[in-house]
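Read the single chain below, which is given as structure tokens and is the form predicted on its own.
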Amino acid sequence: MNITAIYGSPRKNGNTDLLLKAFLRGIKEHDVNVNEIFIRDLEFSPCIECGGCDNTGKCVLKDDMQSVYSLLTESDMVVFSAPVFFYGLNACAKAMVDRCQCFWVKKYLLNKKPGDVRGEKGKGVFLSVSGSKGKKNFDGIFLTVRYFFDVLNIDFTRYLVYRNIDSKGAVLKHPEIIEEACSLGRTIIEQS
């Protein structure tokens, strides 16, 4: 099984990084291949809406996203972690999602079957934290992540989200949250 883990936080070793690392500890107990992507370390432009992908479904911008595209389409599972910024994805995570417009074009404008976008339907997992206690903190992110997974022919399978986790490392004050992430990784692999 090939898994792509996307660290979508601009903050190194922040709360969503720690959640994803815990999730991967559960997964790595099994024989799987994990590719980790740290969005904050990549050099890429946001989508410039140039229309270059309209005829081919391939992005014409040549930067670090080119290596991300192949991982996204070849993975059996994509695990995406990112914190809430103003009820949405942070800028670097959203820029990565927006650069997947080429997959949307391929699927919906060029009418390629989902299998042409990505092989068999994959699994998608999302992990997030929010600094506030707001009841609708994750509403905007869920819509974005759902459609991001959709263009990759991935089912939005599971998620773990936590409110009122803000300062760097705050999630470590809640060992039950770290264990829940590790347990989800273990469980999702055992059920595959």
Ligand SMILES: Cc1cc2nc3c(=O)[nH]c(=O)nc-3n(C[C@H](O)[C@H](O)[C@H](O)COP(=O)(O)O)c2cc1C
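When you see a residue number, it is the position in the sequence shown, counting from 1. Worth saying up front: this structure is predicted, and the values here are computed from it rather than measured.
Keep in mind that the form predicted together with the named molecule is missing from the display, and what follows is about it.
The partner is not drawn, yet in the predicted complex one stretch among 123 to 131, 44 to 52, 22 to 30, 151 to 159 has residues with heavy atoms inside 4.5 Å of the named molecule: 123 to 131. Just one of 84, 92, 77, 105 comes within 4.5 Å of the named molecule in the predicted complex, counting any heavy atom, and that one is 84. Although the partner is absent from this view, residue 166 contacts the named molecule in the predicted complex, with a non-hydrogen atom inside 4.5 angstroms. None of the heavy atoms of residue 174 is located within 4.5 Å of the named molecule in the predicted complex.
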